[in-house]
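Just so you know, structure 1 and structure 2 below are the same protein chain in two forms, each on its own as structure tokens.
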Structure 1
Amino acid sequence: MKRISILLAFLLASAFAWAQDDVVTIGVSIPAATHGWTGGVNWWADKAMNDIQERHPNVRFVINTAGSATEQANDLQDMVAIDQIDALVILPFESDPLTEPVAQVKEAGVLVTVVDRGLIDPTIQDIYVAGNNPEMGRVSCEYIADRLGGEGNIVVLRGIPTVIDNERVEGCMEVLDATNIEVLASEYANWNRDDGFEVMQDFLARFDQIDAVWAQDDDIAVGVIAALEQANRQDEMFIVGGAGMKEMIARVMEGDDLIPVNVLYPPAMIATAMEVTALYYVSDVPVLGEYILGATLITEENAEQYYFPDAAF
């Protein structure tokens, strides 16, 4: 009798475990919302979680935000040990320090989706979703070159010294090198409104003739606009920002002369990655591989389809 009850308990337990297996747990690890773009990543991750869970009740998401690379590595260990994730979607804080922790997650048998910042060893990832940084720089500066007819003076406000920033600037310079456009100066504005304001104030004090500003990022562009308005020089030049902040898209939509275009580098890519990862479990379509999102030029004509008034960014 005792033996039978043990057997029964064992059967029940394994049936329970089997039922549990039906639920797929996907861990999502993203940087904390420290600036506009990562704020957008957080907003889209939340939205994608709710959307997907509603459509597929057997998919469960666990979202963790980290304030540093170390914290993110700790989060990964917790996700494997406590949440027992089946898949991981990660936007790494930094490439180098997170390569090994993600490799360990992979060894634990977890499907790995990497977003935006690639790991040092790309063989770790099963799915890769990213924006295209060199392309973003190229598209931005092609617009500037076309609009200026291949000659003129521009200033460049860079982001935070990182691989992302270097790739964008190199992509831009390849285009500009073939033209007579002179880059008067470039300074770091750290993807930040206050720094964008101050750096642009100094550029305005330094140069009498500026035809265009490549601000690269919409937060920086907000600061640039304020500096131009203060100096009353907003009619002399135009600004090319980037990332697709809703306020900027709105200005493009209205045909603003100061902000004629925007170049997309959507924080919504986290949602793309979560959707693709969920598809792996809920459908039979092949999904493993790399997805590089285009750096679309948003103009007055197509702006409407990129305008999400409810988004945080």
Structure 2
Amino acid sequence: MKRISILLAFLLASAFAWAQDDVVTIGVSIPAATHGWTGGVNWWADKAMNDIQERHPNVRFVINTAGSATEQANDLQDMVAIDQIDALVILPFESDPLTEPVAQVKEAGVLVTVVDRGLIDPTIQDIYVAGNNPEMGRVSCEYIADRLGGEGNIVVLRGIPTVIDNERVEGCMEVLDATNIEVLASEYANWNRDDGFEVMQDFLARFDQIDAVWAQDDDIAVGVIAALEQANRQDEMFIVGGAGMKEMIARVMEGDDLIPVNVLYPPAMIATAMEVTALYYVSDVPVLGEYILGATLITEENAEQYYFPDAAF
């Protein structure tokens, strides 16, 4: 079960609800499937579109994927001018360069829902849906600290230099600072399998004793596993990844010693954002505000709840 904490700006949605014979057009702007997690975002967006349109025939979605911040900004212009959207659900490719384009969409009278990567100016958004990044770091490193009994050596593979990454690392370090665990090295692996492989190769060459790896993200963890298997050191340590990739959840379900747990940061949050945005138009409940999804620790005991074999991620 995902925990959602809600900070509501109490506006009565019925005052803005559309009549049953009106068509509501919701634009969804997301990054292209350049790696596993964004592939999952794309899969869940398509699923949510079909599910919501089946239940609410007067809700229409327009989904665009972008390979760059510039392309995404151009897509937003088309959504307003051509598709004439009533609402926008956007997972920004990058926060800074998308802030002004989204502000322009807002000025056109469009309801704005921001997902995951916040804008530089949060006042632009009407609804915000994201994972709990500080909690993701804390939960990951609490497991590592407990498993190691507060002693040992670990390495950290970070994501991309962003606020999200900093929040995760800060949450982790608050836990580790109260232990005798030594972080041997911490390097960016860009939430990427190939970079995860290369960074872990370097760590293995530099350090003889590594007790655990915090890979932060499952795409990185895939690269870490490959590096460990190539070096035949997969029996020396365990890996804590994150996001809920189905292959990782399957390994947790099977009791894999190398991947004993995972921490949820679901690409399905795009579906949550689309559902909440649609709800603004089809119900009389207040929905504006902030929705933060809990960073659940996935173990062998509860992994089946989070295993979606048909998902892209």
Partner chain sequence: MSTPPDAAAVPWTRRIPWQTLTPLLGLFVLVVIGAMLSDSFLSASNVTNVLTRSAFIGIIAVGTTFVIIAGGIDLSVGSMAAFVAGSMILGMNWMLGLGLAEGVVLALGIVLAVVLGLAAGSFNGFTITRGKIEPFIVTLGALGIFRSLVTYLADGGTISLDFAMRGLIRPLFYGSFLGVPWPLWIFGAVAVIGSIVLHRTRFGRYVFAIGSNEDVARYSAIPVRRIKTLTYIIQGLCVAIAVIIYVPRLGSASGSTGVLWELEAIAAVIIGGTALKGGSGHVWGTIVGAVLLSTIGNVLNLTDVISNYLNQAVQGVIIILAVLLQRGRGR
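For clarity, a rigid core is taken as the largest C-alpha set superposing within 1.5 Å between two forms. Remember, predicted model here, so these are calculated numbers, not experimental data. Numbering runs along the sequence of structure 1, starting at 1.
As summarised for this chain, the second structure is the form predicted on its own, and the first is not. Comparing the forms between structure 1 and structure 2, the C-alpha position of A108 differs by less than 2 angstroms, with the core used for superposition. After superposition on the rigid core, the Cα of G149 moves by less than 2 Å between structure 1 and structure 2. Superposed on the core, the two forms differ at I160, whose C-alpha moves 2.5 Å between structure 1 and structure 2.
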